[in-house]
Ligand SMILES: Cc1cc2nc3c(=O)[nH]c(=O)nc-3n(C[C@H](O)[C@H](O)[C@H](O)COP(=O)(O)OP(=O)(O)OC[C@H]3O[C@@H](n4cnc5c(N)ncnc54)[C@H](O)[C@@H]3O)c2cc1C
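So this first bit is one chain, no partners, the form predicted alone, shown in structure tokens.
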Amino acid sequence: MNEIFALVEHRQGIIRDITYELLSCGRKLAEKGNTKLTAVILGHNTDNFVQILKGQAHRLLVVDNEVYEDFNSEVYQTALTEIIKRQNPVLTLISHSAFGVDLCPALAAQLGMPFTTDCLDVELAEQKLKVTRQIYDGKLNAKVLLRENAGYMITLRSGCFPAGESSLDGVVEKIDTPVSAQPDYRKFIEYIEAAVGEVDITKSDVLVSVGRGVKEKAYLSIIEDFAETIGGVVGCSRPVVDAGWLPKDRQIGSSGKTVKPKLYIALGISGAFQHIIGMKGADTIIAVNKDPNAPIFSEADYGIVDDLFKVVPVLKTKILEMKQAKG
């Protein structure tokens, strides 16, 4: 089997978290297929990227030029078309992000390569690719067999492959850039970052998230006090934002933010797949819901079937007792 490619995604000089998940997925597939994983880096002043990723892949294929400093799908497509034609990987892994959704379909179409997007799982055996995707608004998982081909391309959903440790010592191979200038019809102008609210939920190690089970805005003060007590911040599911109880920058899920805290406490959240997408990467998940059949319990490490307003005061008291015992 030919090698597997994983495309490194970076923004403003920082490697995106999804890259480590792609590499984790790629290593598992490479091990099963008795082949190698190559991390493909298109960037500028890439020495830092190389040092960070050297232990994550068997080989690092590096194209260093100022034209790749910021993402431009036209430039990436032109460069990767030439690289993939020359290297012939059996599979190219790309993140399912704005980056990947812009790039993957056009790149695969140009190469005449079977592809699919938003994959939850990947199986590769005997040159055949089978992926798991969600259908019917996430109500069902479907296993899809792509038509047999020498090479495939997919985008992988964030949070499906936990970034694992690796002790590889990748061989670094630098190649000349196939592109040296951005096309006139599509150029990167500037990066404008969305304004961050009073708290940045993506940076917190402890998140207390509320859903429609909080009943009304007046009760949010109880949740905020609880979160402050345990050193966390408050996030929410979409219905809370739609009701105007919390601002959009607190929303977690496919139409909000993706978070990976050490502790995630879901209070009164049923667990629609759109919300699960945004929080399933948390280290520990505790769910409190009156409905024993709530989907959130299938993702939780610990579940409490009860009224959140009965549970929260008890949790708060116990946590304070533990803090006092530790001094």
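Counting begins at 1, following the sequence as shown. We call the rigid core whatever largest set of C-alpha positions still superposes within 1.5 Å between the two forms. Bear in mind that the values here come from a model prediction, so they are computed numbers and not experimental data.
Keep in mind that the form predicted together with the ligand is missing from the display, and what follows is about it.
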>> Looking at heavy atoms inside 4.5 Å, which stretch does the ligand contact in the predicted bound form, given the options 57-65, 41-49, 284-292, 28-36?
In response: 284-292
> Thr78, Ser166, Thr202, Ser254: which sits within 4.5 Å of the ligand in the predicted bound form by any heavy atom?
Replying inline: Ser254
> Looking at Ala300, Val259, Ala272, Leu263, which is the one with a non-hydrogen atom within 4.5 Å of the ligand in the predicted bound form?
Replying inline: Ala272
>> Is Gly170 part of the interface with the ligand in the predicted bound form - any heavy atom within 4.5 Å?
In response: no
>> Would you classify Gly211 as touching the ligand in the predicted bound form, given a 4.5 Å non-hydrogen atom cut-off?
In response: yes
> Applying a 4.5 Å heavy atom distance criterion, does Asp17 contact the ligand in the predicted bound form?
Replying inline: no
> Does Lys215 reach the ligand in the predicted bound form if we count a contact as any heavy atom within 4.5 Å?
Replying inline: yes
> Along 291-308, which positions have a non-hydrogen atom within 4.5 Å of the ligand in the predicted bound form?
Replying inline: Asp291, Ala294, Asp306, Asp307, Leu308
> Has the Cα of Thr81 moved 2 Å or more between the shown form and the other one, judged after a core fit?
Replying inline: no
>> With a threshold of 2 Å on the C-alpha, tell me if Asp121 counts as moved between the shown form and the other one once the core is superposed.
In response: no
> Comparing between the shown form and the other one on the rigid core: C-alpha of Gly253 shifted by 2 Å or more?
Replying inline: yes
>> At a change of 3 Å or more, would you call the C-alpha separation of Val259 and Tyr20 in the predicted bound form closer or farther than in the form supplied?
In response: farther
> Your call: Val259 and Ile15 CA atoms, closer or farther in the predicted bound form versus the shown structure, by 3 Å or more?
Replying inline: farther
